[in-house]
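Okay, here we've got a single chain as structure tokens, the form predicted on its own, with questions on binding and movement later.
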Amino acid sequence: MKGYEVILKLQEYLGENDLIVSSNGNISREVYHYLPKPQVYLRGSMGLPVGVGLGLAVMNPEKRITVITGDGNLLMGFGSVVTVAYYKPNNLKILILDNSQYFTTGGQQTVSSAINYSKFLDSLNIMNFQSLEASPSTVNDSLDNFFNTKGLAILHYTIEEGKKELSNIPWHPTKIADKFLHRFG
């Protein structure tokens, strides 16, 4: 499956009260077009989605926070995963869409395939973790488990290359923040 196909599936799991942080590039465009609005659509901020999600989770313990990030974005902010593991917010879900590329900037290869996510997250004592190839036969059960698991959960999907041609988010980053704060602030 492609990343946008996984994001389309999220429509079944994410509601109007969920807070979503999406990494910059194609993922934010897909979240903007397919999921409830407004959310935190990061722009020009490689490496920050997990850290922003952690901040929202700590400040809004009554809300479910879902971070949707790509492998390139995650690699640039890997230290935030260690901080998440330290605090283990019960309301944080992290979805990693891994196509082994910095896809938005031209498809340069990442080193995500060199990471054993299971060993790394196990070393941080993150128990609710699953890594698998995104396919029509695996996505429903894995998303059910991901969203219904109590506490911090991380789901890593290996995805196929590909995207939908979608327009950019029409809002300046300050307007994104204003709309988000007006809705949830």
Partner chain sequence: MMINLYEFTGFIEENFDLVSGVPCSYFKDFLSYLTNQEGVSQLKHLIATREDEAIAIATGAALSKKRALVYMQNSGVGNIGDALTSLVQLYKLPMMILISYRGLIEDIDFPEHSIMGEINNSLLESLNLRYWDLEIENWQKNMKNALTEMKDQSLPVVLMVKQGVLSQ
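Positions refer to the first chain, counted from 1. Source: prediction; values computed, not measured.
The following text describes the form predicted together with its partner chain, which does not appear among the structures shown.
Chemist: Within a 4.5 Å heavy atom cut-off, is Gly107 in contact with its partner chain in the predicted bound form?
Modeler: Because no heavy atom of Gly107 falls inside 4.5 Å of its partner chain in the predicted bound form, the answer is no.
Chemist: With a 4.5 Å heavy atom cut-off, would you call Asn91 a contact of its partner chain in the predicted bound form?
Modeler: Asn91: no, not in contact with its partner chain in the predicted bound form.
Chemist: Report whether the minimum heavy atom distance between Tyr4 and its partner chain in the predicted bound form is within 4.5 Å.
Modeler: Outside the cut-off, so no.
Chemist: Answer for Pro36 alone: is it within 4.5 Å of its partner chain in the predicted bound form, judged on heavy atom distances?
Modeler: Although its partner chain is absent here, Pro36 would stay clear of it in the predicted bound form, with no heavy atoms inside 4.5 Å.
Chemist: Heavy atom within 4.5 Å of its partner chain in the predicted bound form: which of Ile154, Val139, Ile159, Val52?
Modeler: In short, Val52.
Chemist: Among 52-60, 128-136, 114-122, 144-152, which stretch has residues whose heavy atoms lie within 4.5 Å of its partner chain in the predicted bound form?
Modeler: Only one stretch passes the 4.5 Å heavy-atom test: 52-60.
Chemist: Does anything in 93-125 come within 4.5 Å of its partner chain in the predicted bound form by heavy atoms, and if so which residues, in order?
Modeler: Residues within 4.5 Å: none in this stretch.
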